[in-house]
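There is one chain below, alone, in structure tokens, taken in the form predicted alone.
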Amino acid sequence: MSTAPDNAVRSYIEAHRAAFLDDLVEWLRIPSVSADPERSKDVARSAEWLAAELSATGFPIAEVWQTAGLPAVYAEWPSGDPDAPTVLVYGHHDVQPAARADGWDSEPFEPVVRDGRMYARGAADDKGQVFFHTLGVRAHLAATGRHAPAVNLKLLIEGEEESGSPNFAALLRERADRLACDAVVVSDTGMWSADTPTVCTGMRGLADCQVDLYGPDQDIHSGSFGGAVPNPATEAARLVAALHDEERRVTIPGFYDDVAELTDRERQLFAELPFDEASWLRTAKSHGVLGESGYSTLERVWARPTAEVNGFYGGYTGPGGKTIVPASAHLKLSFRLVAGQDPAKIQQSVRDWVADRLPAGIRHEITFWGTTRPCLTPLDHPALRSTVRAMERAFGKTVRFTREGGSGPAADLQDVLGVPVLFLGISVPSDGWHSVNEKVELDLLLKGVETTAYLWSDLAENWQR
């Protein structure tokens, strides 16, 4: 097995840097906004562009996969080694909407480079982080003298991630035989900071719903009837007040039954990060921390389940007063879930909890939207250890560990394909995902290239099947 020498990898990357960035600029110019029906042809054009680029990179198989919505791209490059592990790289080629009028300093789909940063929609989320795999695999081959990667390398690049991945799970199930692998590498994430390279080891799941409460058949006079009939707005407020106890724990019975508790080692790894709570609060536009007792801020947002009130409305909300008992009131609730929790079980627990707390005379409906399962990478998994070693070679620094408080399609990959999910990203918080002036740090982008150039050899050497 050939290991890529560091100097050979870096020399190859430097020699091909300009052409790599020129190609990325060309891709970023395609406004592949999945949320805008008028841009559906651009999303299709983006998929075709990427498939052609992957073919030019050397992938013997590069295909555009149609879905019930917008197309994904699949590529495959067999190793030729019978014991080589199979790795699937996930990312997405669709982007968020963007317009100069939103406050951008330049046209969002005309990339510009300033002070070592490339500004464009998709530069970090996620075209830049997908594209670094193309130069990375070429550097891997050039430095090792191989004609094929040291692993069986597959790519699946989605076209609807920014629209909630409505067809992704179905695509995975339909193509599960083609996508079979030993591990998934997700390159749609970031690091703690440019000075602190990190690997994410988990994402929370999600279940969210709307609770509609109905009392009288119409708004009625509060003087004539108030205090003698149930008020749906009052009952909604009682539900909200009862959602947490004095320790800020969720009171829904069974909510914590299956939670995978943090280990002492995991808590220690979180504590090693250079976390500045005051700075974090400024980023959160908030004025104090508050949450479940017994846990740090990072533990709360990364590794503990939560219940949040996203909206609360009903009755009269216009100017002045209107003395009524309203006919209805409404709540929007979301539940972030952690490893061990099953969204379907949480849904049923919420339904039971609401039904048990409402008085006679209040009718209710609960509508749940799509759910996302949590995912967690075992800290002792050999593929994670390879990822950390590859990053440490590229960055020349100790790699720390984080989790993500949000949710994403990584859990679908884990559940449908039945393999561990790893996260490899080089974006930093200042990159402005979904915001104006999105950018990617070019030095970090090339560190991503370098990491992947080392990763495939490390995986093959240390994780043979």
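Under this definition, the rigid core comprises the largest set of C-alpha atoms superposing within 1.5 Å between the forms. Remember, it's a predicted structure, so these values are computed and weren't measured experimentally. Note that residue numbering begins at 1 and tracks the sequence as displayed.
If you look for the form predicted together with another copy of the chain, you will not find it shown, but the lines that follow are about it.
In summary, the region of this chain contacting another copy of the chain in the model of the complex, judged by heavy atoms within 4.5 Å and restricted to 355 to 363, 173 to 181, 379 to 387, 74 to 82, corresponds to 355 to 363.
In the model of the complex, none of the heavy atoms of residue 91 sits within 4.5 Å of a heavy atom of another copy of the chain. Contact check for residue 238: a non-hydrogen atom falls within 4.5 Å of another copy of the chain in the model of the complex.
For residue 217, a non-hydrogen atom is located within 4.5 Å of another copy of the chain in the model of the complex, even though that partner is not displayed. Under a 4.5 angstroms non-hydrogen atom cutoff, another copy of the chain in the model of the complex has residue 434 among its neighbouring residues. Using a 4.5 angstroms heavy atom cutoff to another copy of the chain in the model of the complex, none of 193, 274 and 351 count as contacting. For the candidate set 231, 201, 372, 341, a heavy atom within 4.5 Å of another copy of the chain in the model of the complex is found for exactly one residue, namely 231.
Checking 208, 107, 266, 212 for any heavy atom within 4.5 Å of another copy of the chain in the model of the complex turns up a single hit: 208.
Of all the residues from 305 to 327, those having a non-hydrogen atom no more than 4.5 Å from another copy of the chain in the model of the complex are 306, 308, 309, 310, 311, 312, 313, 314, 315, 316, 317, 318, 319, 320, 321, 322, 323, 324, 325, 326. With the core held fixed, the Cα of residue 220 is displaced between the shown form and the other one by 2 Å or more. Here residue 357 counts as shifted, since its C-alpha moves by at least 2 Å between the shown form and the other one after the core is aligned. Core-aligned CA deviation for residue 173 between the shown form and the other one: less than 2 Å.
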